Ligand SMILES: NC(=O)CC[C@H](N)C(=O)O
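Only one chain comes next, encoded as structure tokens, the form predicted alone.
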Amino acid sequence: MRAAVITFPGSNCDRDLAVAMEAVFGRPVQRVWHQQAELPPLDVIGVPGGFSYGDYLRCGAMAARSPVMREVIRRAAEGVAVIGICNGFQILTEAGLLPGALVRNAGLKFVCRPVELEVATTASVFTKGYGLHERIVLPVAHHDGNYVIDTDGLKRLQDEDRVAFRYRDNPNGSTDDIAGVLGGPKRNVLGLMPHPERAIEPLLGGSDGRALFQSLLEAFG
């Protein structure tokens, strides 16, 4: 298993993601600075949460144009698994790797708490370790987590089974209660607002996020 986590100016969950990956994958995870224009051979690329570039302009908009993202886009097209969490989800939508956009929460407040999710599909390298419609609990921490997409785009997501997770009690107003979506030529790109890397063992308050990383290990390990 060859994995890397990208760090942008303002990332603050990059270490959390790398530590979680190392704990499950059982091997070191490479750390990549956003100005690095080339990447080594990889199976999994993590785009972490935080406040890249201070969330100026739009959340994720500036990071999506960092040199490394051109390579991430190329690797995603080749089938490398790319996961973007929270701000990483925002970056992936801004980079065009996932449809839709993340805007200000409907309540106009920062939301930070555990939320219950439903696994909407198991047909991906990220979710095959869960049961279909399984309910899990992951923490969220975001101010701009309201996922929006037009009617035609939503229908495509639904028809192609590309909604990965849905909120059971929508904390931010997201369209169709969507918490995570799949993209890429092989359903190999995942963006989600909740933080699975913060829920990989009971000492962290829960371990429901571990199956996501275990799924990746089984696919590429």
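Predicted, not measured: the structure shown is a model, and the values here were computed from it. Residue numbers here begin at 1 and follow the sequence given.
Separately, the form predicted together with this ligand exists; it is not shown, and the next lines address it.
- Out of the listed residues 138, 72, 86, 98, 86 is the one that sits within 4.5 Å of this ligand in the predicted bound form by at least one heavy atom.
- The single contact residue among 45, 59, 179, 182, judged by any heavy atom lying within 4.5 Å of this ligand in the predicted bound form, is 59.
- This ligand in the predicted bound form comes within 4.5 Å of no heavy atom belonging to residue 166.
- Although the partner is absent from this view, residue 171 stays clear of this ligand in the predicted bound form, with no non-hydrogen atom inside 4.5 angstroms.
- At the 4.5 Å threshold, heavy atoms of residue 49 reach this ligand in the predicted bound form.
- Taking the partner from elsewhere, residue 210 is found to have every heavy atom lying beyond 4.5 Å of this ligand in the predicted bound form.
- Heavy atoms within 4.5 Å of this ligand in the predicted bound form are found in exactly one of 64-72, 51-59, 151-159, 35-43, that being 51-59.
- Interface residues of 128-144, taken as those with a heavy atom within 4.5 Å of this ligand in the predicted bound form (partner not displayed): 141, 142, 143, 144, in sequence order.
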